[in-house]
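Below sits a lone chain in structure tokens, taken as the form predicted alone.
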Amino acid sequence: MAGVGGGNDFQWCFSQVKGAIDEDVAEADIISTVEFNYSGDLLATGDKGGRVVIFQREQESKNRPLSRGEYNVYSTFQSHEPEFDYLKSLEIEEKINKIRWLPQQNAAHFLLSTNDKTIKLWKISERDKRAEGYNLKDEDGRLRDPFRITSLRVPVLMPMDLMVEASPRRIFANAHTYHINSISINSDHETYLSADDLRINLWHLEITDRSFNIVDIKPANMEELTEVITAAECHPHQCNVFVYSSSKGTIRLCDMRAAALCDRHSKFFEEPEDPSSRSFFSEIISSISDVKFSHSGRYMMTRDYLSVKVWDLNMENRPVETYQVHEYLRSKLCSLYENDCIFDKFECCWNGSDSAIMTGSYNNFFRMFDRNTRRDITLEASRENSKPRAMLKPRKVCTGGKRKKDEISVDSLDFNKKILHTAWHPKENVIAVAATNNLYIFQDKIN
């Protein structure tokens, strides 16, 4: 069966895998976020150890015109360190929750990274020249005696090996009482928002000591708390519009022109619940784990535990498209509740033309849905078929009855292998899939 990607049929094939093969995975090496930059030439990953690894796409070689550039390590740096809040006696993990790239304005690249409490703006720049021929110091850096200087030299720039430097330019701290779950750059490229469980703040990229609180859903009495904010995102074109999703399965769209505090939403998106399918787990599985605007700004996509929904911003009462990700798990919700997997937060992403969507599942499976043909496919991120250009075979899950040869039984799925984080290249059919401590890169097959 041909793959999903929008437009003409094509098939996905293996390109690269990054990360160690060890069976025993260190907790710090588990990838916690994946993000392409605006051009798709850089790919950043964050992990539970607070590190950010940036991969750069190599230029295509003239000798092998069909081999599109591979991604190789460009820069690695420690973004966050573990901290301790002495007032609340709480450890603050170094885990990177989100990375967001800023549009490139000059030769350097900028990105925002956040853990549970602190957001940092990083500058990634290259240096391939160094100054030589100083007057007041020798080549080894020792200061010279000013009385022995008899002539003046003009320092010159000499070529040196390329160095990629990552430096923190801004640190945005102390604005969130609860854990940050989202950051989103605004389309004005000057401001961004950050969201925690109960509040959303608006920041200016140049100002670190204050932010504006634009949403606050904290009740006066915390015992009356019924829902929390799970994700938030700015509109890709309208800098005054943003959305946030909740643990009750609803999405609110707010307009910052209406009021300084956006507690009253402009639009409220909710799908009425079918009373016949209500169960003990209904509320848990309806919680939205991710919300993403389409590139066009006309639609938004939400991911709950079992499905992905596409909403038209002009229609609030129900989604225009619903795709079942792993409906076969509905009968397994009880055991998924017991092993806490039911609380896993899966992300979702659009392809560059908004014609296809992708999200993760268990057993290192990930799902793609073609919005035009309504076809879907299940693929697996695995080292077994990790030969370059190896085709990815569609996978099928058998829910009962007689299992066919290529199918995998729902009872033999590995719930420890989960794909929570995926990213799609903004212009091409290249995808990045994080499977525990490994990053898989797949691309469409070129005949």
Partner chain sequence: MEYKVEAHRIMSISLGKIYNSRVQRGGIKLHKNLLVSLVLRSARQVYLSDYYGGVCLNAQHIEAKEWELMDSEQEKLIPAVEDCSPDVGGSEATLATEEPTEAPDHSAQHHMVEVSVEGDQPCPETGDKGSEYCSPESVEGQDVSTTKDVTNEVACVTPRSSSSSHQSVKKQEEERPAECEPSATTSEITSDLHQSAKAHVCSTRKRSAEKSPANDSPLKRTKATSSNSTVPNSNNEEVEEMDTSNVSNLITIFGSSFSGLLSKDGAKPETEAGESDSGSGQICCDQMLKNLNPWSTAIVAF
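In this text, all values refer to a predicted model and were calculated from it rather than measured experimentally. Residue numbers count along the first chain shown, from 1.
Keep in mind the form predicted in complex with the partner chain is missing from the figure; the text below concerns it.
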| property | result |
| --- | --- |
| One stretch from 82-90, 150-158, 367-375, 252-260 that, in the model of the complex, holds residues within 4.5 Å of the partner chain by heavy atom | 82-90 |
| Partner contact for N135 in the model of the complex: the partner chain, 4.5 angstroms, heavy atom | no |
| Heavy atom of E347 within 4.5 Å of the partner chain in the model of the complex | no |
| In the model of the complex, D197 touching the partner chain (heavy atom, 4.5 Å) | yes |
| is_contact(S247, the partner chain) in the model of the complex, heavy atom dist at most 4.5 Å | yes |
| Residue among M222, M163, A131, V73 with a heavy atom within 4.5 Å of the partner chain in the model of the complex | M222 |
| Option touching the partner chain, based on a heavy atom within 4.5 Å in the model of the complex, out of F212, Y328, Y178, F77 | Y178 |
| The partner chain in the model of the complex reached by all of Y362, I408 and V410, non-hydrogen atom within 4.5 Å | no |
| Heavy atom within 4.5 Å of the partner chain in the model of the complex - qualifying residues of 275-293 | S276, R278, S279, F280, F281, E283, I284, S287 |
